[in-house]
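Consider the single chain below, provided in structure tokens and representing the form predicted alone.
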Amino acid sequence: MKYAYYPGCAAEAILKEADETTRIVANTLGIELLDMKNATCCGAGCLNEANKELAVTINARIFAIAEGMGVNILTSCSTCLQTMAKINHDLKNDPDLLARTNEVLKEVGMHYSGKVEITHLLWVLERDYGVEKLRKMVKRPLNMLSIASFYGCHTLRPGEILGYEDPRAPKSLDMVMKALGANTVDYRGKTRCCGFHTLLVNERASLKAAGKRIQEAKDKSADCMVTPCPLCEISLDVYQGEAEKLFQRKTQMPIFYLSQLVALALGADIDSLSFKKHLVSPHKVISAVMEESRV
């Protein structure tokens, strides 16, 4: 199991724990992540709106790097997943677009044949590595926890392009959490938007979306929430305090990035998992897991 690793800008600069713990999980499970040293930002969809041709070319260059390495791309960012998967889909299904793009890539001595696939850490854990195999690797079962899985828009939609699972009834994140020993709670907002992408345009709408998702999980007695998207974690954790003010309701819901909980269950050193960086303290949740593992 070998992949060209594309952490994405958010995981490299803002939410470094997503990148750091992804590497810990991969190393523990024997998944080889090959750094793409010359890869650039994918544009996160914003570039596509401003200059579609430039967005396609920049992403095709990223794909060409991976193709030259002879491996597919694994990302830990859902927004990067959606952006790259859509452009890769367009390139593979439009020979003229691929040809025009390669004319530009030729100027820097590169070429993309359309052979690379884009995948996410979540999909690799659930399908490629496999939940049964993952279950056997658990050293600290999370069986004391009731966890609310929050999938995030960009891991699910558009379903016709991502094509991994039914965006209306996904199971992958819940399956991974169950493999770690956790109980999972079902709630209405698990497939809805966290509000991140409206934050700079309409802060109130963004906070309302984040707050509703957290309250829905809280009302189902979840101990914490987990997401495979760094931007969702930022929205639900960093802005939770502002959402509490808007709704005038304290939730204090710990929010985890996927690989943090996986690494915890696999027995990783607690100090390496960056739990102290969370704005909503996960201390109670982590203490429960550690206490249970000592029994």
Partner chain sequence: MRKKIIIKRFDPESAEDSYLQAYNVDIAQNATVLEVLLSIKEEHDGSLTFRRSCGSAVCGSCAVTVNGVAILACHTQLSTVNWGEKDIHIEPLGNMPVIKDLVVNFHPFWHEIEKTMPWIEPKEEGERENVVTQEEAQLIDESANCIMCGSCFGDCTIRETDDNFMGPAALAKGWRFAGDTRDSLQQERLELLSEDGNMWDCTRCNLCIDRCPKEVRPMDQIIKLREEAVKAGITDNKGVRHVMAFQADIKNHGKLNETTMPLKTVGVLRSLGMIPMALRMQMKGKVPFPILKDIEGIEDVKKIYKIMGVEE
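Numbering follows the first chain given and starts at 1. Since this is a predicted model, take the numbers as computed values, not measurements.
There is another form of the same protein, the form predicted in complex with its partner chain; it is not shown, and what comes next is about it.
Checked against its partner chain in the predicted complex, the candidates 96, 132, 186, 219 yield a single residue with a heavy atom inside 4.5 Å, and that residue is 186. Site annotation in the predicted complex: the residue of 178, 127, 92, 208 reaching within 4.5 Å of its partner chain with a heavy atom is 208. When contacts are defined as a non-hydrogen atom within 4.5 Å, none of 182, 272 and 293 contacts its partner chain in the predicted complex. By the criterion of a heavy atom within 4.5 Å, residue 41 is counted among the residues contacting its partner chain in the predicted complex. Contact check for residue 32: no non-hydrogen atom falls within 4.5 Å of its partner chain in the predicted complex. In the predicted complex, its partner chain lies within 4.5 Å of some heavy atom of residue 86.
Of the heavy atoms in residue 116, none are within 4.5 Å of its partner chain in the predicted complex. Checking 198 to 206, 69 to 77, 142 to 150, 119 to 127 against its partner chain in the predicted complex, the stretch whose residues place heavy atoms within 4.5 Å of it is 198 to 206. Contacts of stretch 54 to 91 with its partner chain in the predicted complex, defined by any heavy atom lying within 4.5 Å, are made by 54, 57, 58, 61, 82, 86, listed in sequence order.
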